[in-house]
Ligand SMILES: Cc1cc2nc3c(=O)[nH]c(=O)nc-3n(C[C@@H](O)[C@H](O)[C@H](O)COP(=O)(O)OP(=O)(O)OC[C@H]3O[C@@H](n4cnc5c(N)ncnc54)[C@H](O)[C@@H]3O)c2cc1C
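What follows is one chain in structure tokens, specifically the form predicted alone.
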Amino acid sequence: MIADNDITSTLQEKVVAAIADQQPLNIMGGGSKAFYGNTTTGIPVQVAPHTGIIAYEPSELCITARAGTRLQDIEALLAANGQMLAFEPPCFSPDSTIGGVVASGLAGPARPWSGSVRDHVLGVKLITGYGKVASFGGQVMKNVAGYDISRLITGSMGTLGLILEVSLKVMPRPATELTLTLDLPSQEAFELVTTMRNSTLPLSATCYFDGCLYLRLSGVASHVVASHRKIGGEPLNNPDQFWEALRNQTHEFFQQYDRPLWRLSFPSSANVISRLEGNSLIEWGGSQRWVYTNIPVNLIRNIAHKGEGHATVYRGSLPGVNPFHPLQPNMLSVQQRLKQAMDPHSIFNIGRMYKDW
């Protein structure tokens, strides 16, 4: 087995060489999210061999692991101790890594109630665009400059640095869970979920698909049972299987490939899905909407803009169209300055998110 220090040194040497040669790098983990974002060129750098749990103490509600550690292995360890990653990251393949979880920033059904990936990242160790190994976050060192680098790295798609280690907050698994189903028209379902989001009901996930609203309740048994009596609906058989399929996108809805799949994110109060043609599935209490559609790009992104949201071509390519929603000029300027500060030699996953960076 190659020692951890040897792998870190090898990765650092590749970054230093890339800086000297002005040669971009293509950072790769398990490869399960290669479809997401733009294709990037460059010398492949494999992080998957950099594996292992560094620290885990269940009573501390924190785990630290090397970036190549498989997500399945981490979740199995947590489950054995009655804990979980509360943001429910998707696991698209047995090779999915914890570094890829943080780099992509993708979260599952519980995201509105338990928080995003960014909300659970406590610290990161990475190789910077200067070829140095640096640590940031609560588990390793205080960010004396005032910048929360670990949160900036989350969702950056490997464009700001090469992740070596991550520290994540973990949570106890709920004592009781119950999934209810209600056959409702889309507008009634939206209004019900909106009301529930503003209540004390123990809601932990929602999905609306094919005329059926799915509601997951999580918490103390007495509260879950009382909530069921108040809401009504029929308990779903095999609920874990349903939410796992939704989370990992093996649900039947995600098996279509005839049209581009768009992911639209809105404030929870925005009710715009009826304006979009095509097959759809709605999650996160209305905040995340998946839509298969061939309507013009400018139209769907204009709808997203008016709803104070954004629209991403999640799967499938459109010639000349960047998958991620165009940034407003002020935000674009901030992002470009951040890229320049973190990756001054432009070597990390160039073009993965936006053209030229």
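Model, not experiment: these values are computed from the prediction. Numbers follow the displayed sequence, beginning with 1.
Although it is not shown, the form predicted together with this ligand is what the next lines describe.
A single residue from the set Ala67, Ile63, Ala304, Val291 has any heavy atom within 4.5 angstroms of this ligand in the predicted complex; that residue is Ala67. Contact with this ligand in the predicted complex, judged by any heavy atom within 4.5 Å, is made by just one of Gly309, Pro58, Gly31, Gly316: Gly31. Ser93 belongs to the set of residues with a heavy atom inside 4.5 Å of this ligand in the predicted complex. Using a 4.5 angstroms threshold between heavy atoms, Leu106 counts as touching this ligand in the predicted complex. A residue is said to contact a partner when one of its heavy atoms sits within 4.5 Å of a partner heavy atom; Ala205 fails this definition for this ligand in the predicted complex, lying far away.
The closest non-hydrogen atom of Val47 lies within 4.5 Å of this ligand in the predicted complex. The stretch among 154-162, 129-137, 222-230, 206-214 whose residues place heavy atoms within 4.5 Å of this ligand in the predicted complex is 154-162.
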